[in-house]
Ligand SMILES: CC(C)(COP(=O)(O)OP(=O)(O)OC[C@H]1O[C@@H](n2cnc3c(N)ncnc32)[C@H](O)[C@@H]1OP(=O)(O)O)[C@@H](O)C(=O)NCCC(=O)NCCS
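This document starts with one chain, in the form predicted on its own, laid out as structure tokens.
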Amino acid sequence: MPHAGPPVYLRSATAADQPAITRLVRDAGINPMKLEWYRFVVADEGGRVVGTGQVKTHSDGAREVASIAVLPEWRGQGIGRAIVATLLSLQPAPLYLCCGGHNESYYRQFGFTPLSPAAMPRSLRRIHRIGNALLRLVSLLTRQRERLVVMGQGIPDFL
């Protein structure tokens, strides 16, 4: 159900948004590393951060769309889609992302495709390997099978 009230708009984050960014990402249960506000775009509703996302650069130069999170009561209203589209419009290809296998189809709408380990940048190959090893351990305890997928957009054919 759409919210009545101030409209939501996207803007570059400010230092004052750092606590809200950190809280949103941690509450979403996604990677809490490299959450520096200056890399973020936020969805703002009357001064309240209701969604967030960033592009972070790894040590090997790979740029990853990351930290896409929207408050539960704002999900399903296109805010996450708008954040991803905005980040893509601000960054040249190639771009990468890591997501749970259940989100793979969502990111395909933006032109991302799953990558084989051989096609992944070194930094993301390491994250893929470690993340999937941890997820296999968790699945033994929870009996819920999940996998980490690395996807790319605008990857040159010669890779």
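Small disclaimer: the values here were computed from a predicted structure and weren't measured. All residue numbers refer to positions in the sequence shown, first residue = 1.
Only in words, not in the display: the form predicted together with the named molecule, which the text now covers.
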> Would Arg26 count as touching the named molecule in the predicted complex under a 4.5 Å heavy atom rule?
Replying inline: no
> Using heavy atoms and a 4.5 Å limit, would one call Asn132 a contact residue for the named molecule in the predicted complex?
Replying inline: no
> If you check in the predicted complex, is Ser123 within 4.5 Å of the named molecule, heavy atoms only?
Replying inline: no
> With a 4.5 Å heavy atom cut-off, would you call Val70 a contact of the named molecule in the predicted complex?
Replying inline: yes
> Between the options Ala62, Ile127, Cys99, Val49, which residue brings a heavy atom to within 4.5 Å of the named molecule in the predicted complex?
Replying inline: Cys99
> Which of these stretches, 107 to 115, 54 to 62, 33 to 41, 86 to 94, has heavy atoms within 4.5 Å of the named molecule in the predicted complex?
Replying inline: 107 to 115
